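Only one chain is shown below, in structure tokens, and it's the form predicted alone.
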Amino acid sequence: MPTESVRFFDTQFQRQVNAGEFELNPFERLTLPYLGGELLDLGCGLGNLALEAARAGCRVTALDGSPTGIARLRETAAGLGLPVAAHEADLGHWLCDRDYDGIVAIGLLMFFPRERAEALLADIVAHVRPGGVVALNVLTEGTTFLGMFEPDHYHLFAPGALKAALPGWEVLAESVDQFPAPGDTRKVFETVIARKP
């Protein structure tokens, strides 16, 4: 059964598909130049990054809980002849079963309770090949206004927690981005892109 978060995004993705809105977000634009080889895109959404990575030569496996997102990605990748395997998955229980040259989790980890968010982060880190790249993006501040979060079903990572989970990795890029939010609040995201030794 889909979570509130999946239902929220599926509705948003339907609107975006109808409006033809397929732009890369700022975090995806930051990440794209660092990707190569076999790529796993967790929480791929509409597949905008997966498609661009495939155009750039990556072989992409893309997972998301949204039926709308996966259907759009499959259809577009097939129409363009791009090497993308897109699958609907319950990422709240999913486990990685192989290694990749790159793993991307943009705007995903905060949608799980702390224990699951931290376990999934550890699973991602463990399945990047030596010399491979991880791209992580999480919300560090700002949940009170977000209808997409279920009560007690999200985790805000502390600033610096992503880098702390990558000891010995080479940080290739990082950013902290703030955006205005309803009610004179703000949302703050932290992004880290790093290479495994």
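Please read all numbers here as calculations on a predicted model, not as lab measurements. Numbers follow the displayed sequence, beginning with 1.
Although not depicted, the form predicted together with a small molecule is the subject of the following passage.
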Please identify, from 160-168, 125-133, 43-51, 30-38, the stretch that has a heavy atom within 4.5 Å of the small molecule in the predicted bound form. 43-51
Which one of D90, E75, D99, E118 is close to the small molecule in the predicted bound form, taking close to mean a heavy atom within 4.5 Å? D90
Taking heavy atoms only, is V192 within 4.5 angstroms of the small molecule in the predicted bound form? no
Considering only heavy atoms, tell me if I106 and the small molecule come within 4.5 Å of each other in the predicted bound form. yes
Looking at the partner-bound form in the predicted bound form, is S175 within 4.5 Å of the small molecule by any heavy atom? no
Is there any non-hydrogen atom of Q14 lying within 4.5 Å of the small molecule in the predicted bound form? no
